[in-house]
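Okay, here we've got a single chain as structure tokens, the form predicted alone, with questions on binding and movement later.
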């Protein structure tokens, strides 16, 4: 974990109201592993005391790229950053995705900008598989050209049917698993809303597959001290059968069998 003053290299709007910001961060960028994140501190607005976590989308040499959508005062202020501006980064943080097992077929499942957290995994997996991406409408479907350039097949689902299959991303996955999976054993890697993550995990458990889920929790410190991002995980040694894990430290990535969903206890 390193604290670094990163320099904005490029900052441009993207489709669907998203933004891409490229930062020069020579102490952090080369060390980022798939699924890890950085904690960003902005100098404005003045009351933006807490850092904000962002999954790392891409890295190249001494640079890293973040993909984000302005949703609050802090991220709206972030859109004002121009090349040459300096922002404080803490990272790389968290436990990311493992390398796909050599005897498994890699399957990535993303909801919205969950695609950003999966790109490095797709690039460094050693072989291409299939990506399922879902969103409310076509403008919420991100990064398809980047994955296709890596040789991955991409299947899209949108709730309004404006692009790809009409329905949930799990509907696209289910159709593929029922008709095209054949004798391959998949290994699943997912990032997106918690409802989607749970659905992916349930499918994996029912079929005896492995599924790695990047959990979405609000974070305060990002280093495991404040305990605002805790998640229930299974612990056979505990009298209750579960304990708390810090998503920012023990996660954000967990194997689906580790997770205890709220109505499971």
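Keep in mind that what you see is a predicted model, and the values were worked out from it rather than measured. Positions refer to the first chain, counted from 1.
Just so you know, the form predicted in complex with a small molecule exists too; it's not on screen, but the next bit is about it.
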So which of 234, 33, 198, 217 gets a non-hydrogen atom within 4.5 Å of the small molecule in the predicted complex? 217
By the heavy atom within 4.5 Å rule, which residue out of 101, 71, 149, 178 makes contact with the small molecule in the predicted complex? 71
May I ask you to check whether residue 254 falls inside a 4.5 Å heavy atom distance of the small molecule in the predicted complex? no
So in the predicted complex, is the small molecule close enough to residue 113 to count as touching (4.5 Å, heavy atoms)? yes
Are any of the heavy atoms in residue 209 no more than 4.5 Å from a heavy atom of the small molecule in the predicted complex? no
Using a 4.5 Å heavy atom cut-off, state whether residue 52 contacts the small molecule in the predicted complex. yes
Based on heavy atom distances of 4.5 Å or less, which listed stretch (133 to 141, 181 to 189, 74 to 82, 165 to 173) is in contact with the small molecule in the predicted complex? 74 to 82
Answer yes or no: in the predicted complex, does the small molecule come within 4.5 Å of a heavy atom in every one of 18, 37 and 67? yes
